[in-house]
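Next up: a single chain in structure tokens, the form predicted on its own.
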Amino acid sequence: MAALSESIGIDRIRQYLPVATLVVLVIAVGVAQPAFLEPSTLLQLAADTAVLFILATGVTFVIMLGGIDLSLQSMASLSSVVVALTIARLGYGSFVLAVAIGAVAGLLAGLAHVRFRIPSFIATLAMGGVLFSAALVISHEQSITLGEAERAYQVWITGSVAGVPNVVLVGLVVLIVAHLLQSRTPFGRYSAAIGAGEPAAYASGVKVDRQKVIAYVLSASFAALAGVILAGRLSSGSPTLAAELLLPSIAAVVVGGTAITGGVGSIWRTLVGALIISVVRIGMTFLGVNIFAQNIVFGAVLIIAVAITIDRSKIPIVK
């Protein structure tokens, strides 16, 4: 009984630790640099977090299954290139095309994983290579700048409502949609069940392969949406536009409290994790930390977060 109470207590600490960490970080950076707490800075923080959150949201669905998606940054970069190349002819249709390409890429990666029993990190790493090469080829290995006419289609990304950047509102819509998918649909319930125990899910009649493919489609689609938003915010498309976002996006999921072994987590936790990563990033910038050294911090944070959240009973079957 005492052991059970201790376990429940540890689980509660793990559940609230990310929120407590976020509060402490905001206060610490605010004390060191009071300008950080100004409304304009906080709004900028929210806008910067939106892209990272959308990327992390997609991979949350995969990590909940106990898998991983390493093609995120390549998919987002390809999406930005697709938008930059087609927006003049297709207008808003270029956004739909980019997300559709993401869904197809996710479908192919998911099928490779479940049909050929290829580990998820290999299937998605290979897909990332394909997507990166495709972006290089169609962009002729260069950045593509959007003209004034093309930027008019990006107002839904670059504009604001009552002083709140539109990209923050897009992030809120993604949060609501993803939360409903995870909490109110069979897919969300089955994902948690598969992550908690795949053999038991099979035995219960859950179509495990189907749920996995859906997760990879969602992950790549959200990555493509993130690429669309990046193209709008930076007014360009590039095969390396999201090259530095893979580690922070996975770190956001795990730091937020979603176990890398699957079965435990939520989109809300991912939101907290994304905010933590953004506060750390902006805090380091305020404190003068070299931008090229920031991934060292993210890597260390990821290792610590995994050490705290991982279910060691599943280590033999980490996928």
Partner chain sequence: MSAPSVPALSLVDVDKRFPGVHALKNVSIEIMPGEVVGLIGENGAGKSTLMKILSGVYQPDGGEIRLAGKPTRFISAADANRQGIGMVFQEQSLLTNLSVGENVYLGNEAQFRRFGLVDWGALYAAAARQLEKVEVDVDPRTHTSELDFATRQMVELAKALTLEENAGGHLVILLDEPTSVLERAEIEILFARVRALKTRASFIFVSHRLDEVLELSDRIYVMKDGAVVADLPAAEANITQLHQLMVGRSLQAAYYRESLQKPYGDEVVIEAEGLTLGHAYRDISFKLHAGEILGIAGVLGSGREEVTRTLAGFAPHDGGSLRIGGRECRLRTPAEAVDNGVGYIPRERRVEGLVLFLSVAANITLANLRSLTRHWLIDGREEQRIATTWVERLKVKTPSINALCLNLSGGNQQKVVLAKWLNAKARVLILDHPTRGLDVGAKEEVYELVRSVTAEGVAVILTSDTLEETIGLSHTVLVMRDGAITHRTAALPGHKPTQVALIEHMV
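As the structure is a prediction and not an experimental result, all values here were calculated from the model. Positions refer to the first chain, counted from 1.
Just so you know, the form predicted together with the partner chain exists too; it's not on screen, but the next bit is about it.
| request: Choose one stretch from 75-83, 225-233, 154-162, 197-205: the one whose residues place a heavy atom within 4.5 angstroms of the partner chain in the predicted complex. | output: Of the stretches listed, the one contacting the partner is 197-205.
| With a 4.5 Å heavy atom cut-off, would you call residue 240 a contact of the partner chain in the predicted complex? | Output for residue 240 is no: heavy atoms all beyond 4.5 Å of the partner chain.
| task | Although the partner chain is absent from this view, report whether residue 184 comes within 4.5 Å of it in the predicted complex, heavy atoms only. | result | Close contact exists here: in the predicted complex, residue 184 approaches the partner chain to within 4.5 Å, heavy atoms only.
| field | in the predicted complex, residue 108 touching the partner chain (heavy atom, 4.5 Å) | value | Judged by the heavy-atom cut-off of 4.5 Å, residue 108 is well away from the partner chain in the predicted complex.
| field | Residue contact check: residue 245 to the partner chain in the predicted complex, 4.5 Å heavy atom | value | Judged by the heavy-atom cut-off of 4.5 Å, residue 245 is well away from the partner chain in the predicted complex.
| message | If the cut-off is 4.5 angstroms on heavy atoms, which of these, 168, 213, 193, 174, is the one near the partner chain in the predicted complex? | response | Looking at 168, 213, 193, 174 one by one, just 193 meets the 4.5 Å heavy-atom criterion.
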